[in-house]
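As a starting point, one isolated chain is supplied in structure tokens, in the form predicted alone.
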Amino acid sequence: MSEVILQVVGSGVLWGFIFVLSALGLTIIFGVMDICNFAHGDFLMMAMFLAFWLSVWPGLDPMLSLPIVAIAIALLGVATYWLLIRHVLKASGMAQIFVTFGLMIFLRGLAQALWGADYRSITDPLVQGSWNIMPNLSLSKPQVVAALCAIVATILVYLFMTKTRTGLALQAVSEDKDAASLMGIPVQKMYILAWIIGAGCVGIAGGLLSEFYYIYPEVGMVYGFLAFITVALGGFGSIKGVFYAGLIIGMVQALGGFFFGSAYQYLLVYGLYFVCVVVRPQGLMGRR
């Protein structure tokens, strides 16, 4: 029994790192601009479809097409900011919500119109099989590689945000955009950069996920909700909080599915979020 639980925990940790990366961009955008991007999960869905079609033609495995996918979704983030978000920066919070919610509906409908509602998957991924770590413990190779890539990407983003002048400028804008502007920081460029990083992170997460998960237009709803819960549990705007929350959610989902059945794994995750809202609304490491 202990070996089985160890197997489940190992799988939960690997999923947790994917959740961390998918939620990282969301918390950066919110931290800098105080805007929740409800289309965040559908950015991930578009990244998965792009990775899939690049595997069909010109035959690039998602692991090899990852830079292309990340750049493409980052450009989608820039287009979203430039065409939509900048026009509602001074509008009410409800207007901002409707804009990103409308974008979510548009992207989901666009995916269904272009590719239908069928489930797709990468037929012959570059990374396959599993590693036998112990006699009774094996880990999926695609999940391990995806988790390692997610860890590297998260560390790079964290170092960028905390150790570079540009990253510190982003943090300054998140604290007080007016004071940052007076100090000579180009706030508009920082907003664009936040969307580049945020969309790029979820693009990488989508590319990694496409290696071993089904691709369909509604997949963004599942991972969009999980990203929001991860950010809320960790604390809006907190990179460290997202890291811890992602791992917690990954293990709760895996253990919940094992003990209560797969039908209840998301219910337990949502229940955990509800408890957090009641006990600590600002999240584990949130400041507001």
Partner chain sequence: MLEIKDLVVSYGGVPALFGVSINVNDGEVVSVVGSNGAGKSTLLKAISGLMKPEGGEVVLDGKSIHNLKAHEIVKQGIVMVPEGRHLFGQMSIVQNLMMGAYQVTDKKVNADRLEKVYSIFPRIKEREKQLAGTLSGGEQQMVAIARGLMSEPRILMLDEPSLGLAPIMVKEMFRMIKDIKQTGVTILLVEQRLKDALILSDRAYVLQTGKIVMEGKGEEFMNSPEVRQAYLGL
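Treat the numbers as computed from the prediction; the structure is a model and nothing was measured. Residue numbers count along the first chain shown, from 1.
In what follows, reference is made to the form predicted in complex with the partner chain, a form of this protein that is not presented.
Residue contact check for residue 190: one or more of its heavy atoms lie within 4.5 Å of the partner chain in the predicted bound form. Contact between residue 181 and the partner chain in the predicted bound form is found at the 4.5 Å heavy atom cutoff.
Mapping the unseen interface onto this chain, residue 144 falls outside it, with no heavy atom inside 4.5 Å of the partner chain in the predicted bound form. At the 4.5 Å threshold, heavy atoms of residue 154 stay clear of the partner chain in the predicted bound form, well away from it. Checked against the partner chain in the predicted bound form, the residues 168, 148, 159, 78 give one hit for a heavy atom within 4.5 Å, which is 168. Among 172, 72, 196, 127, the residue placing a heavy atom within 4.5 Å of the partner chain in the predicted bound form is 172.
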